[in-house]
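A single chain, nothing else alongside it, follows as structure tokens in the form predicted alone.
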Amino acid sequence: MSTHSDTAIHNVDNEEVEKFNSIASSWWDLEGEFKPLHKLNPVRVSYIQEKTQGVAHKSLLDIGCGGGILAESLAKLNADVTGIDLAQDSLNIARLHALESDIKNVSYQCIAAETFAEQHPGQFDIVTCMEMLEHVPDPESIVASAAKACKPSGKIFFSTLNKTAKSYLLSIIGAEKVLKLVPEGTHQFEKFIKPAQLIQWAERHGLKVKNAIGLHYNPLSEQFSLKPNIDVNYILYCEKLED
């Protein structure tokens, strides 16, 4: 049986980390590789705000924070934000941008989710893990870590890609090869996660799934919106059960 530290060491795809490090300088380029995330971000923030009745003055952990797009937005809403990631170059960009934006209530650490959760159990009112589960070898371990770091009755948000033919066509063929919204190779279909699988993991680790909603992109307006259909991108909103 492996320990949490063993899991943390092995639950990283070094090629994925290097891929994000190599394009780290473009995290805050609104027309660069991360343009879709900038377009998506207000929709995510609005959903999180709605389900938490506001993030202000709450402790929030963002797992897989990258260059800080979501973490910084939530900090601007007066959440006390900690962002963690294993791509050091992305974290450097996140820290620099927070400094330039004079945002003091966000901090970043280069640490595995498993290790961080072990060190900070039950400490966060809200945990977010957005567009990250499909980039690690063992996504259930990340779900377990999010649950561990969250306070009882706390709120947890996961977003990822459903494993459907439509998801493959839109996110890989469409977004990567045709529309060039993201660099080719950003996603690997075998790592996509069916909602039933993610729900099973969440419930196994003491979470109650409260809502699932689809994230939909309109290439004509270049805007994202939330709709009931979860066959491509989706967000799962959970609450941690009382001990």
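Residue positions are given as counts along the sequence shown, with the first one as 1. Keep in mind that this is a model prediction, so the values were computed, not measured.
Beyond the structure shown, there is the form predicted in complex with S-adenosyl-L-homocysteine (SAH), which is absent from this document and is the topic of what follows.
In the predicted bound form, K58 stays away from S-adenosyl-L-homocysteine (SAH), with no heavy atom inside 4.5 Å. Of the heavy atoms in L161, none are within 4.5 Å of S-adenosyl-L-homocysteine (SAH) in the predicted bound form.
The closest non-hydrogen atom of H216 lies beyond 4.5 Å of S-adenosyl-L-homocysteine (SAH) in the predicted bound form. Looking at A87, you'd find a heavy atom of it within 4.5 angstroms of S-adenosyl-L-homocysteine (SAH) in the predicted bound form. Stretch-level contact analysis of 119 to 127, 97 to 105, 149 to 157, 79 to 87 against S-adenosyl-L-homocysteine (SAH) in the predicted bound form, using heavy atoms and a 4.5 Å limit, identifies 79 to 87. Proximity to S-adenosyl-L-homocysteine (SAH) in the predicted bound form, defined as a heavy atom within 4.5 Å, singles out one entry of I69, A202, I193, I48, which is I69.
Along 10 to 30, residues N11, V12, V17, F20, W27 each place a heavy atom within 4.5 Å of S-adenosyl-L-homocysteine (SAH) in the predicted bound form.
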